[in-house]
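One chain follows as structure tokens, the form predicted alone.
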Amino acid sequence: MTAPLLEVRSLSRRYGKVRAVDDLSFAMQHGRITGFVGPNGAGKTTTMRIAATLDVPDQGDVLVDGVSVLVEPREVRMRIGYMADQFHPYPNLDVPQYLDFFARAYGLRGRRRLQTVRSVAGFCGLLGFGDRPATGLSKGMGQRLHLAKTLLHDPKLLILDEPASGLDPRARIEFRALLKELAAAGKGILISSHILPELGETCDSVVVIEKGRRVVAGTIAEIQQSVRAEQAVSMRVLRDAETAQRFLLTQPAVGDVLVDGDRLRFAFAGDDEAAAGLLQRAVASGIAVVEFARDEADLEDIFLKSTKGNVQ
């Protein structure tokens, strides 16, 4: 089995009396986009900063592609690209100069440096902004420049802290498309955000933390399965919704049944086999079922069901 790209091992970090991160462990694989979710003050940024070698834990370790952030931080820095939640470009530099500065800082030289700057600028949609000062970009284009800077040394792991914060809808869609292209190219992406529906559309897996501790982790499908002990089901009928309601109220594992025109919504505590049996009995009883589907828990549902709203 392939070793994890990122492995957080029993990580703890205190600031005074506050335990920002408390014995936190999780892992993610190459080519995956993992959402890092939690309330304000949950420890997300602290964990990301430790993984980016910008802070040191009190206990535990983080391995990036098998390399310890404590033992070999310089080696880790060549494997990661860190995008902080705030972007503060240097003044008096235009877009190519800004990227060239960081390319030099990463040790790129000569023709390779020029080609890399142009290639990354093209990927991030910045080629038309060659004469634009880095401080004069819109929020969306500034985030593209921030991402471009992060990609210059071709890191294996991207650590993105609230990268979509403040972006308009079009900019968020375009930014999300860039991330999917990067994941398809094999890069791992750890991304935090409070825009949960967007994360749900982007991520393969999610780690939810609260008060510095892991609450739940896994693929979206796995977590949906774990939190749906009783889940809403929607059924649309061709006619006689009241008859369908009376039928449903007599069935096992069915809770409250609400009728809205030709659509019925009800709580259902059964598994997939029980749901299939319920649908068969409904059709056999003469109910003209047009649609029958579970309302799958999205990332907001997962977040609300797995956390208690505790802050620190």
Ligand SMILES: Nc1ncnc2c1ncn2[C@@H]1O[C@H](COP(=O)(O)OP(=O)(O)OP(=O)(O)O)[C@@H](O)[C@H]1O
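Numbers follow the displayed sequence, beginning with 1. On a predicted model such as this, the values are computed, not experimentally measured, just so you know.
Just so it is clear, the following notes concern the form predicted in complex with the named molecule, a form of the same protein that is not shown.
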{"item": "Contact residue in the model of the complex, chosen from Gly60, Gly41, Gly277, Gly270 - any heavy atom within 4.5 Å of the named molecule", "value": "Gly41"}
{"item": "Candidate stretches 253-261, 64-72, 32-40, 279-287, one within 4.5 Å of the named molecule in the model of the complex by heavy atom", "value": "32-40"}
{"item": "Site check Val18, Thr45 and His194: each within 4.5 Å of the named molecule in the model of the complex by heavy atom", "value": "yes"}
{"item": "is_contact(Glu162, the named molecule) in the model of the complex, heavy atom dist at most 4.5 Å", "value": "yes"}
